[in-house]
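Take a look at this single chain in structure tokens; it is the form predicted alone.
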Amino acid sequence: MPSSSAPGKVYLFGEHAVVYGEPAVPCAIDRRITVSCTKSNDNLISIQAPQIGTNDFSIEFSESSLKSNLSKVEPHLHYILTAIGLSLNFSETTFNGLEIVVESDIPLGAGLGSSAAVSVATVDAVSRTCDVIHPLEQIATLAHEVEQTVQGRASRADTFCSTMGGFVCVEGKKCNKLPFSQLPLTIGYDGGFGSTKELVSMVRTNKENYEFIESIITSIGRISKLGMVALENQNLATIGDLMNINHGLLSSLGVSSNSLDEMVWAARNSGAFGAKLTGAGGSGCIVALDPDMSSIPSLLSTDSCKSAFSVDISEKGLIRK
């Protein structure tokens, strides 16, 4: 039974701007989604994913059934079913069904890369069940296609980071791993979620209506470039400053919220070098550069924060078992 595990991620710099070809720097974290897959003979695709709210989901094992169900399911199942259909296109083996089990310790839609992780892990597990072993670069490309299908527009950053692990830089179609090092990161989570598709669409509409939005997006890209230099030099003060500026620019794009802002300021006031929202925004998580983890009690003391925890950078991306 092939089992594939892919990590979540946080953005140090560059979300939203990366959709328009600007550089972004996400890094994989030690929270993962694992997908296990076996062949069956019951003419069904069965999915068990209790941590993400799905028990005993099943549909007919056919291409038409996969396509017809996409518009009827919750977003997380949309990613899984799209990944299954895409992976089956490469199969030359004959079988009559699939049983899939999804295990997750990444909150959905919170900015920690759950959609990318489940896309990467599902593509790899289903492909290997079909006796197809894709190289990592192809897994990242196929998982990006899954996100494009579901979201309408998506960068390569999330799926490349989840596949490769560590720190990466993504700029347009260029995807590169950066030298690995640890950073002391703390996550604050407000218990909610944002719709990546809706938030990306909102930024796109504003960009079309207001010329100055282009300069904000360009500025976020410049922050990513400066951030890579600071990372290479392990200059925590500069990394933190750039995270703070990046959050301000994301707020100006309209993708922050009261809860995210409250957590950002709680982390900064407790001594974190920097803090910002991570991911699409709207709700979800913030990431703080926090060497002594002093921001955790401060975050938990706010009305907005439902949980706070430290994370390590995951040097490994996709893990196959």
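Only a predicted model underlies this, so the values are computations on that prediction, with no experimental measurement involved. One-based numbering along the sequence shown.
Not on display, but discussed next: the form predicted together with a further copy of the same chain.
When contacts are judged by a 4.5 Å heavy atom cut-off, Ser215 counts as touching a further copy of the same chain in the predicted bound form. Mapping the unseen interface onto this chain, Trp265 counts among the residues with a heavy atom inside 4.5 Å of a further copy of the same chain in the predicted bound form. Of the heavy atoms in Pro179, none are within 4.5 Å of a further copy of the same chain in the predicted bound form. In the predicted bound form, at least one heavy atom of Ile245 sits within 4.5 Å of a heavy atom of a further copy of the same chain. For the candidate spot formed by Ile223, Leu249 and Asn258, every residue has a non-hydrogen atom within 4.5 angstroms of a further copy of the same chain in the predicted bound form. Per the 4.5 Å heavy atom criterion, a further copy of the same chain in the predicted bound form is contacted by stretch 204 to 212, the sole one of 204 to 212, 115 to 123, 166 to 174, 188 to 196. With the partner omitted here, the residue from Glu103, Glu145, Glu99, Asp241 that has a non-hydrogen atom within 4.5 angstroms of a further copy of the same chain in the predicted bound form is Asp241. The contact residue chosen from Asn43, Asn269, Ser68, Gln51 relative to a further copy of the same chain in the predicted bound form is Asn269, the criterion being a non-hydrogen atom within 4.5 angstroms. In the predicted bound form, a further copy of the same chain lies beyond 4.5 angstroms of every heavy atom of every residue of 44 to 80.
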